[in-house]
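There is one chain below, alone, in structure tokens, taken in the form predicted alone.
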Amino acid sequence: MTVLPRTAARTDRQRMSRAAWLIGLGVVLLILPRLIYPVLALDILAWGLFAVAFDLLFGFSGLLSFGHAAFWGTSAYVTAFLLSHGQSVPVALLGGTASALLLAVPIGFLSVRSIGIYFSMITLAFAQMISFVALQWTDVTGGENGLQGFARPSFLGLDFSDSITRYYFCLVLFALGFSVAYRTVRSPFGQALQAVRDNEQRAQSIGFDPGRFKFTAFLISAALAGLAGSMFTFGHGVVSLDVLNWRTSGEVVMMTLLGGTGTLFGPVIGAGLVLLLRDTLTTANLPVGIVTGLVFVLVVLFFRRGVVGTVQHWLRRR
């Protein structure tokens, strides 16, 4: 008779914990451009959403993608292209997100048939192909020069030449993207997806189609990564080949692991820590790669669940 009350109490504590993380994250993001310069704050939003998209695939689906820069970068280029041809900001952002989703259909259809390192290598190969196309298609992408100098026309009275206005506009987009990811993992689909991640054979034996679940998660993740890439281009007003580089895929993996996989909140915090550390080291003229690598090694050794995952585990033990 005591099992049900204990289970209900545990569920209530978990619900309160999630609510506390949500409120805390929301408050920090609301005041963030007052604490640091707005362009860096917008970078944290974009990279944070990118890491959330990756966590949806890796942390909740068990699929390690080394090619997520393909969706981030494709959306960034399409957004810049549309803005440079006089389209409005919402049309450009929507076009960039849609392009990432369309690109994910053939890549996801072919890659989710593989598992483990084979899946990772296939996604990396596709990302390198997209990067090569962007380098060669100079009439559209600008090649090594990229795209720059495009206007960001006002929308509904919002002056996007102001960095604070751009930040809070992107904060709304971030909230929408994060809500999609949060509702996905908390829905019956998300629970089934985690069952497939934990034991694919058992999930298949009770009637789930693992391929369909993984493919759907891949599409949602790619679309959110595309939205993040559009936000990044919108914030900076320039796009280059770096958005499609393999290092971009590696950085989002590091951010997610640093914050904590399977948490959704962790990747946002991981992105913020990495970008703030990079900005501090650059200002102090210190080797960014070496120090960032050492921090990542220490986190992996002593905080294997990531920052947020370790805190949550500690709270559950108490």
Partner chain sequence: MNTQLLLIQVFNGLVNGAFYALLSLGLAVIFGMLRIVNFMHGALYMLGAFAAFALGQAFGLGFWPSLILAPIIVALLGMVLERTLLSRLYGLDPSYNLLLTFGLTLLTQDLVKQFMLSHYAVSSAPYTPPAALAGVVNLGFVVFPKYRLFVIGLSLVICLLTWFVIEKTRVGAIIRASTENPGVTRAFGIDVGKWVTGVFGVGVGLAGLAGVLAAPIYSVEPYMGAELIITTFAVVVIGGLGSILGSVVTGFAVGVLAAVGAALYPPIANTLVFILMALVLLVRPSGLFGLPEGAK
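Residue numbers count along the first chain shown, from 1. Rigid core here is just the name for the largest C-alpha set that superposes within 1.5 Å across the two forms. Source: prediction; values computed, not measured.
Below, we refer to the form predicted together with the partner chain, which is not included among the displayed structures.
Distance criterion of 4.5 Å from any heavy atom to the partner chain in the predicted bound form singles out S120 from the list Q87, T216, S120, Q194. The partner chain is not shown here, but in the predicted bound form it comes within 4.5 Å of a heavy atom of F296.
Contact annotation: N145 falls outside 4.5 Å of the partner chain in the predicted bound form, judged by heavy atom distances. The partner chain in the predicted bound form is not approached by R15, whose heavy atoms all lie more than 4.5 angstroms from it.
Mapping the unseen interface onto this chain, V253 counts among the residues with a heavy atom inside 4.5 Å of the partner chain in the predicted bound form. Heavy atoms within 4.5 Å of the partner chain in the predicted bound form are found in exactly one of 287 to 295, 32 to 40, 274 to 282, 45 to 53, that being 287 to 295.
Here the marked residues A181, R183 and I220 all miss the partner chain in the predicted bound form; none has a heavy atom within 4.5 angstroms. Contacts of stretch 212 to 234 with the partner chain in the predicted bound form, defined by any heavy atom lying within 4.5 Å, are made by none of its residues. The rigid-core alignment places the CA of V295 2 Å or more apart between the shown form and the other one.
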